[in-house]
Every structure is written in C-alpha cells, then in structure tokens.
Ligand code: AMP
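Heads up, the chain below is alone and in the form predicted alone; it's given as structure tokens.
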C-alpha cells in the first residue's frame, strides 16, 4: 500500500553504472534493480519494435547489437552529439532520461510509492551546459531535481553523519568510468568547506580499458597479421574483456584474456589467448597516471595548500581500486609513509562504487528533514566572464568562488551610435583554466545616438545552489534589460 509522503531518492547517474538510493531511519540504503543487482549499467538499447532495453540486458546484447546500443552517454552530456538508434536520433539527455526513468521505476517498485523528487549527483568538474543537460534528462524522466550534488561532496557525506563525524581535511579522488574529480575540502563545526576542485571530463576508467584494448589489438596484429578493430563484433568483445582484465589486475598479478573464435580470416577461425600482467598494465597507463598526478597537484596549487594538509583520503569510483592509483596518492600525500601505520589515512569503509549514491541519499534525507542539516560551502570549478570589444576575456566570476552567489560589473559601449551590445558568455576550462569556451550570447538594445562610453550597462552573473548560471544585462538609463540562462543547446532565451 502506498503511503502519503513519498521519499526523495538519491541517484548516482554514472558513466558505466548508475545507482538509486534512499534514506531509512537516518541511514542510506541502495535500492536493487529488477534483477536484484545494486548497480544498473548505464546502457540503453532500442529494439526494432521500439522496445527500450536498459541496464544489464542492454549491455549483454551490445556485442551483437552495437549499432542500436548506447553506452557511456554521460561523456556526451552538454553537447549536441546525437546517437542513432533504430533510425531515430537521440540526444544525450534523452538517453540519460531513459536510464533515470528506469531507476525511478525501480525505486517506485521497491518502495511501493510514486517518486517525484530526487537528488542527482554530477561530477564537480561538470560545467553549466552539462549540469543543465542533466536537469533536462531528469525532467524527461518525470523527476524534479531537488539538488544537483557534486559527486566528491556526496562521497564525503557518506563517511559519517552529524556527531559521528570527526573534523577532517579531505582529499577526495573520484575516478569513475568517464570522469575524474579531485576535491580538497574541510569538515569542521558541521560544515563542509570546499577549498579547491580540479578534474577532467575526459579521464576515467574507459581510458584504462582503451589502453588494454590497444595493447591486445597490437599483439593480435603482430601474431596473426589481422586487425581486429575492423570487426565490430570482435572489437566489442575486446572492450568487455579489457574492463574485466582491469578489474582482475586490481587484485591479482596477472590475468588471461581468452576469446575462442574471435574472428574469421581467409585461413579459418582465429582465437585470442593472451596474458597481461599488472606490471605491463601499469606501464600502459603511465601517461594517464601522469595526467592525474598533474591535476591533483594543480588542485593544491589553486588553494595554496600542501599535501601535508590532508589527513583523510577518500577514493571512490571503480577505477580508484587500481593499486597504482593508491600508490600515487600516497606518494603525493605521505611520500615517506610516516602516517600510514599510525593513521587510517585512506578511508575504505564504504564500497567505492556505492559511496556517491549513499551520499546522495543522505542529502535527500537532509532536504526531507529526516537528517540533521549540514552546512555546505561549495566553490565554482571554472572561471566565468564575457568577451570585451577587443575580444579579451573579462573575468566576472573567478574560479573557486563560493556559490550561490551574484556579482555585477559596469560596462559601456565601444562605438559611437551603437544600438545594441552583444554579451558573449565565456568559461575557462582545463586543469589550469587554459581553454576558453563560449557558453552562449544574447543582445541588449541601448539608446540610439549616444557617444561611446556614455551608456551605463550592468552585467550580472548569478549562480544558484546547483551551480547553474544566469547572466543578465541592464541599461541603467532606459531600464532595458535582457537575460540568458545558459543551456547545452544554446537555445537563447531573451527577456
């Protein structure tokens, strides 16, 4: 029987796997899917009759139905990249919406209630376009987003509640299937204060898998003079086996990849049988490890802290289990290994795959009034601003600005008799904020016949609790105004 008050659920919408959770008696719980599994693969397939297959079944038939199956769609969120399934184009948020709808349905069946609201986690390094695409995906699934919660913050939340939580200075490494987040944060007096964020939306477990795949392709080509990358079915099998090999090598020193009859050559069937050692794997991933190390060091540099500041390391995401990752983190934070024996430096009490979902459930419990409120002071991950008349970037919101926030700066016209100004909203990305990207633009009409420099134009940047950006411009003389809420498709809405 359905009760009157529906809970707010927590959702970890992951690149490779997704989870849904809720809070019961102040404790976070993971909701199993229809197959009894705690994780649901973020994979969608559409059958010729239009039937939607989501999760484990979609992943299982991906090898034979690759052209009608989508995986890793999170990597495309915030873009207009489309996937064609059964002769129909799907935007990334449509595919994500199908995954969210299935998670919502699983929660409704498990809880026996209609679900309308959720906390959804996103990488801290997600930009405005990616966050808005996530909101749209939720809307398509019939979910009202109560809060977009940064994944490292969710992971930190999962490691203790209220009075149970000791003060700590944390480094959170979240290495999921497709994204990397590095967050330095402090918990003190029941408040989280984020000191610095860094990361990449192009580094994740899939990169490690690809290194193994490329290694197998090269070895197979050398042995058989046959390029498996041209055989879609064979290649999909390699991708699946590479991920399994990566997981195996986190606990054993070597693993064997065996695929009988992987392809057919002019001389008959060919078989794959090769052994990969952890040593070879660690050699293959050295370039990725170097990039991760640089991003971690850049996070420390941003806030002027040294690695010795850290007293707790929280590692989440499946690929954080790779032993080389743990070794690298310890080399940075505790190079002489003086603290490992005396302190629990690396926190391992919670399953790395579930920590983010548990944190989402805790936040849902806070919003529902079931758990004591915790104060958050989160910061922006990117610099935001506009282009001036000379094409130079003018920063209005520096990186690491605490939000929600609002800031206004006075501008004017650059030419005589100028009838309008175009506000080009820009963002700097990358570990060192080196990449300048346009988020959108809009126009403001100004009084005709004025000399340059006369009109007074206020440009205001506002960032809400979900780190979503609104930019407005106001002619102080005429009170003419215009506004844009940046979204992934740049469908500009002027008021």
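Residue numbers count along the first chain shown, from 1. Treat the numbers as computed from the prediction; the structure is a model and nothing was measured.
A second form of this protein, the form predicted together with the named molecule, is not displayed here; the remarks below concern that form.
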Next item on the list: Find out whether any non-hydrogen atom of residue 201 is located within 4.5 angstroms of the named molecule in the predicted complex, and reply yes or no.
Entry: no
Check: Any chance residue 311 has a heavy atom within 4.5 Å of the named molecule in the predicted complex?
Finding: no
Margin query: Residue-level question: is residue 288 within 4.5 Å of the named molecule in the predicted complex, judged on heavy atoms?
Written below: no
Item checked: Interface membership of residue 319, the named molecule in the predicted complex, 4.5 Å heavy atom rule -> yes
Next item on the list: Please state whether every one of the three residues 17, 176 and 250 places a non-hydrogen atom within 4.5 angstroms of the named molecule in the predicted complex.
Entry: yes
Notebook entry, point to check: Among the candidate residues 76, 243, 117, 383, which is the single one with a non-hydrogen atom no more than 4.5 Å from the named molecule in the predicted complex?
Noted result: 243
Item checked: Of 292, 206, 194, 107, the one that lies within 4.5 Å of the named molecule in the predicted complex (heavy atoms) -> 206
Note to self: Among the candidate stretches 211 to 219, 120 to 128, 369 to 377, 319 to 327, which one is within 4.5 Å of the named molecule in the predicted complex when only heavy atoms are counted?
What the structure shows: 319 to 327
